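Okay, so here's just one chain, in structure tokens, the form predicted alone.
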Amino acid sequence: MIPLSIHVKQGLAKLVLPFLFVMACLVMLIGQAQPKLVEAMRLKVTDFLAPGYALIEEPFNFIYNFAHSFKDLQNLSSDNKKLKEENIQLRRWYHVAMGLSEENMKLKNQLHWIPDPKLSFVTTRVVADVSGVYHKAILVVLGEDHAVSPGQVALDGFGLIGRVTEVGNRSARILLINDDSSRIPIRLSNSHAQAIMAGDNSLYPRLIFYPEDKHPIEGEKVVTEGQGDTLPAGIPIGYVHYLKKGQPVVIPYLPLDHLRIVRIVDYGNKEVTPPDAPGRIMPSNKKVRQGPVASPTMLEHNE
């Protein structure tokens, strides 16, 4: 190490802040002049750091799981009693569901119902929350041979959370629905009104541009409308809540700041398999753009 005098060290310390300021300006200028180059460099850095994020997160996950396991042991007796009661009720509902499923299948066969296309999706883990003051996004880790592409839809266990915006070799960035640049057409379940869900970097996206004679109702469900975009209709998002009079917002089913597992779904055009029923119409070879809805079985959400 080169020995330096106190005056030289003090001079270098004063130059650090101007040096960082000049470097920041250079990065901004290069970003404006060569945006593709900067984006490629950022994806390379993200791919390099993604495994590191996962390693850093592991100890915290272990402590979190250990604390929850200890808490679960304390409630073991009461939970066991509650599960037995729920099991009896579920057996009753199972027989009801089987009867309804059989009836539904018969009705679909009579109507020559065309089933929804099978959707492909991947389930992955959130390794970092890369949100800042002016944007809301998360980083997920992917395998090397993944088929994720920008524009695909990201869901949690209950509904929509965002869209994939950038994809690297081993990671992807998801822009959340509460980002300030997010604007999503939605439909309200009870009033059947259309509106725009706009993010503002808070936890709860706002509802704007709804009809004056159909104000959102407290507690009604919000689903995607699917107009003018590749985002399909019918994906659940959350429910309406008034933070104060005249300011409706959407409360997501799961908090957007505690996402751990997400599913990335490819809602691209798919071949539709016709039902095996007599008298059905043979489809042409031309691909038809479908407007699929979120499958409750896939979302594991009981409406």
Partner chain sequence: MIKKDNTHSINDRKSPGIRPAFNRFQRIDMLVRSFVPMLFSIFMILFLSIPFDIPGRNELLPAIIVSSVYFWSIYRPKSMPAIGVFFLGLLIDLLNFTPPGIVILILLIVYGIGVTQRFRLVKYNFLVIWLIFTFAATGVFVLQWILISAFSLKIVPYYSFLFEIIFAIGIYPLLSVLFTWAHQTIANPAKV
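Numbering follows the first chain given and starts at 1. Since this is a predicted model, take the numbers as computed values, not measurements.
Only in words, not in the display: the form predicted together with its partner chain, which the text now covers.
Given that its partner chain is left out here, which of 109, 202, 189, 194 has a heavy atom within 4.5 Å of it in the model of the complex?
Looking at 109, 202, 189, 194 one by one, just 202 meets the 4.5 Å heavy-atom criterion.
Heavy atom within 4.5 Å of its partner chain in the model of the complex - residue from 142, 153, 128, 184:
Checked against the cut-off, the match is 128.
### Task
Find out whether any non-hydrogen atom of residue 67 is located within 4.5 angstroms of its partner chain in the model of the complex, and reply yes or no.
Residue 67: no, not in contact with its partner chain in the model of the complex.
- Should residue 234 be classed as touching its partner chain in the model of the complex when contacts are defined as heavy atoms within 4.5 Å? Residue-level check for residue 234: no, no contact with its partner chain.
message = Whether residue 243 contacts its partner chain in the model of the complex should be assessed with a 4.5 Å heavy atom distance threshold; does it?
response = No, residue 243 stays farther than 4.5 Å from its partner chain in the model of the complex.
- request: With heavy atoms only and a cut-off of 4.5 Å, decide whether residue 170 touches its partner chain in the model of the complex.
  value: Contact check for residue 170: no, nothing within 4.5 Å of its partner chain in the model of the complex.
Worksheet entry | 4.5 Å heavy atom contact with its partner chain in the model of the complex for all of 53, 60 and 136 | Looking in the model of the complex, the three residues 53, 60 and 136 all sit within 4.5 Å of its partner chain (heavy atoms).
Among 119-127, 84-92, 207-215, 71-79, which stretch has residues whose heavy atoms lie within 4.5 Å of its partner chain in the model of the complex?
Selected stretch: 119-127.
Can you tell me which residues in 37-63 come within 4.5 angstroms of its partner chain in the model of the complex, by heavy atoms?
-> Contacting residues: 38, 39, 41, 42, 45, 46, 49, 53, 56, 57, 60, 61.
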